[in-house]
Ligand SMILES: Nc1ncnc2c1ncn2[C@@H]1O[C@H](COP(=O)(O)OP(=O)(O)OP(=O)(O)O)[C@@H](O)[C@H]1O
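Next comes just one chain, in structure tokens: the form predicted alone.
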């Protein structure tokens, strides 16, 4: 029903099906990415393997020792640092179904729809188990709750409460794991990261110089290079994310093509790095000042 918010008069009756075609809202696949596709995140990979891979592959180890692994984890850090890639590699290494959804997709227009969608995502995950549910931009639905807000904010709260209920409803050694990601851990509600929910926090930060060399080599391994010095380029790419390093490799290839060459030089990369840096600064400026 569509109801007038002030008078509660019924305005229109809407026909809704009893169940969502939940697969319209999620990406459901078997990822091809693996740990070898990730550079500069060795510590993060080790922690992911302990928290996600080991309980799914060898649950008996935890039962023998008598400990319970985390139900889920929260990956946090700047954009483009490899959070989604880590989640996909974890799914690949465990041969798990990968269900990916963006937090904003959980925010629906009508009362109860978001909560219903969350419930059906977890039901689908159990049917497809072993499964990894990856919720990107979880801050869209799990930010600090308002006591008195608009009807839209109240609906977000209902969806959030359903998400908490689903997290509480399965056991640590179940074959469903939840990985969430955010660029804004500072605005998350503490309820989502308390023990028994997403209680393992992994920061995925910008790579150091050694990490930038690793990432550069991964993205340039199929490129025809001539006279390129990765360590020197890594110094020039200070504060670059993995995504920006990949963009610099692509741009360097374009510089070579524009100059009629089939190989990429050090100078191509230096120009590409400068272009990516300027583009990023322009983007940040537009975000800040519109």
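Residue numbers count along the first chain shown, from 1. Source: prediction; values computed, not measured.
Below: the form predicted together with the named molecule, not depicted.
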item: 4.5 angstroms heavy atom contact with the named molecule in the predicted complex for residue 103; value: no
item: In the predicted complex, residue 219 touching the named molecule (heavy atom, 4.5 Å); value: yes
item: The named molecule contact in the predicted complex: residue 155, any heavy atom under 4.5 Å; value: no
item: Contact label in the predicted complex: residue 114 to the named molecule, heavy atom within 4.5 Å; value: no
item: Residue among 85, 141, 96, 178 with a heavy atom within 4.5 Å of the named molecule in the predicted complex; value: 85
item: Interface segment, criterion being heavy atoms within 4.5 Å of the named molecule in the predicted complex, picked from 242-250, 255-263, 61-69, 221-229; value: 242-250
item: Neighbours of the named molecule in the predicted complex among 33-49 [non-hydrogen atom within 4.5 angstroms]; value: 37, 38, 39, 41
